[in-house]
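Listed next as structure tokens is one chain, alone, in the form predicted on its own.
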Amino acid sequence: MDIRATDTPLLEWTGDGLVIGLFEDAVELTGELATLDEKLAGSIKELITEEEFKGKQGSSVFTRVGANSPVRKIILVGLGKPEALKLDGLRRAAATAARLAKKQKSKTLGISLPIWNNDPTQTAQAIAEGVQLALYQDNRFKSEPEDKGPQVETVDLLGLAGQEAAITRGNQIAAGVFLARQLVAAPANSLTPITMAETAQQIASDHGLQIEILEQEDCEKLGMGAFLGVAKASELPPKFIHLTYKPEGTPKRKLAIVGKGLTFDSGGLNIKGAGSGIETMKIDMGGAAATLGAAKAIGQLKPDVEVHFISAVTENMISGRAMHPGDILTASNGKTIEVNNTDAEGRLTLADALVFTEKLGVDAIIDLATLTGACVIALGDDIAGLFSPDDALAKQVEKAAEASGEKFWRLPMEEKYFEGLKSGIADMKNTGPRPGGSITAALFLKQFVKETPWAHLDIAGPVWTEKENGYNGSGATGFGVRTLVNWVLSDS
């Protein structure tokens, strides 16, 4: 699919489908739209009247135009109230239009949406992202693709001439999201710690990143007892992935992104039972997927910021070698952990990953993980939890998330809740009481970061969706990639 910036006037564009965005309660046709309606024999006004189109956000209608018309179909998308329009509103409108155009077998598409905040660059990028994300298809595991109909081939962004670089940037970020979606969607017999490491190596090769893969012996030398305690039950070797993007010259900042990388989580000896969703536990590497997706995007965007992408990747399985409930593990910073639940394994792998990362001397660390069901109970399926003892970093994440359209809510790190993690025989337990489970998980991770500004993102809810959601189809969403990229770019 080719997304193009064009100076072709709205009245002169020709093709299969023309998309026009209209604000709520402002659907009267004036100026250029009135002239276009006359040119199209009143089709737009008739569509608005017959479908009672009000321009509400997320709404859309379409109609076929006369056979001799230069435009085959008109698609109207609602933008909501003008004063409430955000950048993500344009992204979602473009996604809605793209999906509808595909259903209507439009190979060529013209999109006319308002310029957000007098910023054509961000507008073009958001529209490009919305179109790309909405039309993504993953047919890797089907013998034949379900959709054999015509695809959208070209998309013209009307009134956005000269914004080719913004479109390219949107395409590059979308490519990172696609990688994350593919990784999360892949079954555990396809995506393993070995293939995750191979994916990281491919990113390094394609985009000029440095890579270090620590094998089990390397992790043993570094004292990563928490990570290896989880890994030892699997027949597959663990892989500790460290990708590094370095710009030319002196970087403005050094940042790190750490992702939880459990390619399958059985629960260990505290095995997940009936109704636990064990069959979905291929998604438990969603944090690592977003980390690698961000690495792919950053490798193409090339900001003047040094970024480290890290994941301790393994399976949480059951065997004669499996860690037992009651075992005590020693992390690489010397802290001891009583394992009172082997199904709280992600935080054990992150513990050693965070210790490793802080030793790199970075200016800030963000980790993200499908860490707790408690966060889903608190915030639902669409909103991720944000935890940080550093207000400045938390605000950076919130700003990056708003630009991306990914939803986060900052939750408190109530220090007294750490009482629930205290152990009589070790420095801490790996789980606390059920109330506030996402908070105690964040407090556990905090024990492995000494001084570096740090934020933890619990993405257990939005990493997967059962229904079409904005610019996400059902399945893996690639959540987190765009927020991470925006965070890095804000320092470039």
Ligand code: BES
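Bear in mind the structure is a predicted one, so any value in this text is a computation, not a measurement. Note that residue numbering follows the sequence shown and begins at 1.
Although not depicted, the form predicted in complex with the named molecule is the subject of the following passage.
- Shown here without its partner, the chain carries 272, 281 and 371, all of which come within 4.5 Å of the named molecule in the predicted complex through at least one heavy atom.
- Looking at 345-353, 396-404, 292-300, 142-150, the stretch with residues near the named molecule in the predicted complex, meaning non-hydrogen atoms within 4.5 angstroms, turns out to be 345-353.
- The single contact residue among 341, 171, 154, 244, judged by any heavy atom lying within 4.5 Å of the named molecule in the predicted complex, is 341.
- Although the partner is absent here, residue 367 is not a contact residue: none of its heavy atoms lies within 4.5 angstroms of the named molecule in the predicted complex.
- The named molecule is not drawn, but in the predicted complex it has no heavy atom within 4.5 Å of residue 91.
- Contact check for residue 460: a non-hydrogen atom falls within 4.5 Å of the named molecule in the predicted complex.
- Residue 129 falls outside the set of residues with a heavy atom inside 4.5 Å of the named molecule in the predicted complex.
- Shown here without the named molecule, the chain has only 431 in 404-439 lying with a heavy atom within 4.5 Å of that partner in the predicted complex.
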